[in-house]
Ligand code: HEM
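Before any questions on how it binds or moves, here is one chain, the form predicted alone, in structure tokens.
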């Protein structure tokens, strides 16, 4: 019999859904600007640019809201990484994802009320939220106002370097999204983790 834990407060769920929607707009519009055939674009170029800029600003504001709530709510405890023994715990979790989950083994770090993330999730989310997101923002905002970008950085055009960093960060964020969606299916049932974003309850095995 499964156990339900209330782990996702309303603000986390709202932030998560809005964040996902905005990122999808950024993904489609970014791909349209970068890689689609100019004669048959995914989106008309002006629509892609406008929607990308609006979604980018929206994501920036959402990120600021996340930081404020991160500081002033207890949710931040789930992101506190215990460094002692971390490599061994990461290897255990990666082994479980690679083999154990398909053999029906017990998760080495089951979700708990005081620790809703396993070690691999903790490290990944910290990197995404506190390294990748800031990189997307600090490279994306200047591209909206290219006149503020320095002309030359150690022999490389400032705008080109900023654009390359932004595209690279966008690719990594897209890769994270795909992996995140895949691992979300590894719950008590295929859709249980997706239902958590609606009702706030994690359904444990």
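Positions refer to the first chain, counted from 1. Everything quoted here is computed from the prediction, not taken from an experiment.
In what follows, reference is made to the form predicted in complex with this ligand, a form of this protein that is not presented.
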{"query": "Single option in 57, 49, 177, 165 placed near this ligand in the predicted complex, where near means a heavy atom within 4.5 Å", "finding": "177"}
{"query": "Heavy atom of residue 96 within 4.5 Å of this ligand in the predicted complex", "finding": "no"}
{"query": "Touches this ligand in the predicted complex: residue 79 (any heavy atom, 4.5 Å)", "finding": "yes"}
{"query": "Contact flag, residue 14 vs this ligand in the predicted complex, heavy atom cut 4.5 Å", "finding": "no"}
{"query": "Non-hydrogen atom contact residue 89 with this ligand in the predicted complex at 4.5 angstroms", "finding": "no"}
{"query": "Sequence-ordered residues of 100-127 touching this ligand in the predicted complex, heavy atom within 4.5 Å", "finding": "116, 117, 121, 125"}
